[in-house]
Structure formats: structure tokens, C-alpha cells
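Before any questions on how it binds or moves, here is one chain, the form predicted alone, in C-alpha cells.
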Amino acid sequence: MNNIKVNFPRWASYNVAVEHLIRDGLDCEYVYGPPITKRTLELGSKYAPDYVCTPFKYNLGSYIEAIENGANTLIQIGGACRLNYYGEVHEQILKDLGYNVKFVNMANAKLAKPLTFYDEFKKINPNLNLAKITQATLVAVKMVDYLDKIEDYIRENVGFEVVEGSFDNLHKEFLEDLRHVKDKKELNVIYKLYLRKFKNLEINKPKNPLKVGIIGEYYTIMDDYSNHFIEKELAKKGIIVKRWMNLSNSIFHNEKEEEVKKKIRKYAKFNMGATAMFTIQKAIEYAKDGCDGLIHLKSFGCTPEIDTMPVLQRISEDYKIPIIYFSFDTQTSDVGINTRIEAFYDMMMMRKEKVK
């Protein structure tokens, strides 16, 4: 190993896949920042522009904490919204703060041109081996897919666990074992082993539990701390959580734009940017599939998701399905969120009783 110490901001469970890519593909040390806490957000908010979206602040705070942990090379990705510009602004802010680190912006790479990723990775380690990074990338991509499959199963069942904490504890074990995977064969073994273990956990699931479809903005949906652990709060009430939006679905398993437009044309004719089309499409699907309610999550100021809200209200009215909206910023209170979830739960239960 060289003395290159790389960090990518904390994001859901996906850092284990990033670690594999960096360690086994780039032959560099991967530095974890600490888990996201109030301090992470405070650091990011202190140095970020006032009206930038909350994920920007989480990422900035995560970088600073990673630098404190010894990281000297930072990575940022691109996306379909302002995320595409995060890297440039983060880099400038960190330079202004006096941090002497290398910043590699993967927004410069394009999915349609895989070799552009190789070019960016060479900025991290000039001695990069093409075969090695290719192999590690394939394993990391598959790891993300398996992560999402396991976590989908958890959402369907964690609210009915007989032994409190059994799903969470097994999930932590799964993530730790993923960190030691060397190749695709090992990865497949670990996935099958843990899928079997999760299915062997004892649950007491009623015949017709409440089901909620979660839709909204990319980062906030996927990161527990950003959405104040809303999925865990729903699970405590014995609610199945349906959530299509994850990394593997949004990048590798999504439909083409024209196909999505056909499905949502009654409600929207244009692509409003970022995840907006998928938000509308999945809201319709969840309503048709018998969900008892919809929960829309976004960070404060996320323009594409703000644009979807009048459309979602129409879907709610047409399908007679309740919907609740959460917009998260630096001042969001756990107490306020839990109070609203309680009221929404009561609303869904009354609706369910009326439909019987």
C-alpha cells in the first residue's frame, strides 16, 4: 500500500463497496469518517453557503471529519441535479479553509464512456492497473446490488421481529463481513449465507399489515441520519416499508426516460430533473399496489422534488391514498417528525378500517 489515504463521504451502507474499490482496485488505504452525527451537520453548515441543500452540508462535514481521521485524498461524484456541482464547490471551500488535500471529482467521468472513470482513478493512483480496477469495480457494483437486496428484505420484515434488534445486529455483521471480501466468488458466498440467516430470523407478521411507499429525493431517502431514521420509526409501528429508490435501482435497473414518461403522462409531460419522474412513477405504482399511504422525503430546497408535490397531491386524491411530506433541514426536530408520523399512522388505520 502507498501513503494515499482516500475518503468518500458517509452515505447509507454504500461505503463498504467504496472501500473495496479503493483498497482492492486502487491499492490505496480507505479512511472512514466517523458515523454522521449532529457535529457533521454543524461543521458542514458552518462553512457551506446558506441556501445550499442539506446533503451538500452533510458531505462537507463528512469530508472535514475524514481529514481529521487522516484522509489526504477526497472523492466526490456527479448526478442529475446540483450534485453535479458539489465537487467544485466542496474543493474550493476546503482549500479556503486551508486543507491541503487532493480532490478528485468523478462528475468528470461519464457512464457512457467507462474509460473516463479510469482517467479519474489515475489521478488518485498514477500506478493504477487497469485489470485490477476493472475487477474491483465489478465486485463493488455487485456488492451494491446485494446490499440493496438485503436491505429490501429488512424493510419488509424488520417491523415484525420477535427478538428486538435481531435484524439490526445481523445487518451490522453482514456489513463487517463484506469489508473482508476479496473477489466475486467470496461475495456470492457471503450474500447467500446472510440472505439465509435473515430469512431464518423469527418474525411474527400479521396477515395484512400496513404498507407505506417512500418516495422523494435521492440522498435523503437513502441516508438514515438525514431522514431522522424514519424507516426505523415506521418499523416500530409494524409497518412494511416499500422503497424503490436505492443506488442499484436508480443506476442499473431503472427504465428509460421515454418509458417512464408514458407511465406518468396523465400527471406530468416533462422530465422535471433529478429523481422527479421516478418519484411520480413510484407513487402511482405504490397506490395501485395497495399501499396504505405515501411518504415523500426531501431536503429543504430540492427544486425537482418541490415540483412533484402538486402532482403527488393529485395522485393522492385520485387513488384516495393519504400522503405526508417531510422536508429536512438543519433545524428539523425529531419530536415534530414523530408527532406527524403518529397522526399519519392513525389516518392510515382509519382508512384501512373503512376499506374493510
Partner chain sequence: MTIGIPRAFLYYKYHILWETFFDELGINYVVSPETNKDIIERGLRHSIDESCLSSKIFMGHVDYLIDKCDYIFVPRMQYLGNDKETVCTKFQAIYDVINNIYREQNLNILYYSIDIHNKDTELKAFLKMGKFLGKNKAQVLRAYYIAKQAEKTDKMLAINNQKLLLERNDKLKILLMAHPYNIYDEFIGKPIVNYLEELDCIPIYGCVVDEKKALDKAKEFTKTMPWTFNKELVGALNLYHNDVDGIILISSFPCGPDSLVNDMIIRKYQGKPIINLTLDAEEGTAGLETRIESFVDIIKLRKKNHVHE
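From a predicted model like this one, the values you see are computed outputs, not experimental measurements. Residue numbers count along the first chain shown, from 1.
Heads up, the form predicted in complex with the partner chain isn't pictured, but that's what we're talking about next.
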To verify the annotation, which of these, 324, 321, 67, 311, has a non-hydrogen atom within 4.5 Å of the partner chain in the predicted complex? 311
Partner-free chain; cross-checking the partner chain in the predicted complex, the single residue of 43, 306, 287, 31 with a heavy atom within 4.5 Å is 306
With the partner left out here, check for me: in the predicted complex, does some heavy atom of residue 269 sit within 4.5 Å of the partner chain? yes
Can residue 208 be called a contact residue for the partner chain in the predicted complex at 4.5 Å between heavy atoms? no
Is there any non-hydrogen atom of residue 201 lying within 4.5 Å of the partner chain in the predicted complex? no
How about residue 116: is it within 4.5 Å of the partner chain in the predicted complex, going by heavy atoms? no
The partner chain in the predicted complex: contacted by all of 342, 345 and 350, heavy atom 4.5 Å: no
One stretch from 35 to 43, 22 to 30, 287 to 295, 52 to 60 that, in the predicted complex, holds residues within 4.5 Å of the partner chain by heavy atom: 52 to 60
Scan 91 to 115 and write down, in order along the chain, each residue with a heavy atom lying within 4.5 Å of the partner chain in the predicted complex. 92, 93, 96, 105, 107, 108, 110
